[in-house]
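Only one chain is included here, represented as structure tokens and corresponding to the form predicted alone.
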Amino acid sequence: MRIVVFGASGMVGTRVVDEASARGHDVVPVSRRDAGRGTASLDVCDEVRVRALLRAADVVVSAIRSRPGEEASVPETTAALLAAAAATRTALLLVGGAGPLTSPDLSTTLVIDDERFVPARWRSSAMASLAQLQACEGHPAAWTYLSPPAILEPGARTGIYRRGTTTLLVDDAGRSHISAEDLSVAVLDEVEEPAGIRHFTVAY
């Protein structure tokens, strides 16, 4: 399978590239700036080049993260990817944020409004993830949105995780977390065997 990975130089993107490569896929890493390792430098808003790249792909994974202070750019970059995916009829999996999920014990409250999981310093990033999902909803592209748990950080690859839908997953201690390595396992599992669910989450 030929998989294009946008945001390939970031924490999640590098691990998605590694996981996909280890499974024998043909991986095309893409970043806004050339980060080595065969990564192509390409602006996701470059419509002509992005569509040309996607025409030769089976799936595109977006692990793009906005820089602090640039969260307002998320809807634009998401819309550009959605348009390219729709035009080329390429499946798109976006690794987004936990903000749009429902809190585990507050069914009418989104995680973005629950300070247990989204403290004030993370709110702008969580708002961007909500805007990102809203840009997807109703779009004709074949998109899937993966919301990570509240805490996502480098760690070990265990290959073990739980999968949920639109409610934040927490463990017995009330913690919502996963390693970037195991999130990438979940990404490739979905790429290889799509579940047909537009918005889902994973965690330990």
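The model shown is predicted, which means the values in this text are computed figures rather than measured ones. One rule holds for the numbers: they count along the sequence shown, beginning at 1.
Below, we turn to the form predicted together with a small molecule, even though it does not appear here.
With the partner left out here, the small molecule still marks one of 157 to 165, 53 to 61, 24 to 32, 136 to 144 in the predicted complex; by a 4.5 Å heavy atom cut-off that stretch is 24 to 32. Taking the partner from elsewhere, Asp43 is found to have a heavy atom lying within 4.5 Å of the small molecule in the predicted complex.
Residue contact with the small molecule in the predicted complex: Ala8 places a heavy atom within 4.5 Å of it.
With a 4.5 Å cutoff on heavy atoms, Val12 counts as touching the small molecule in the predicted complex.
Contact check for Ala150: a heavy atom falls within 4.5 Å of the small molecule in the predicted complex.
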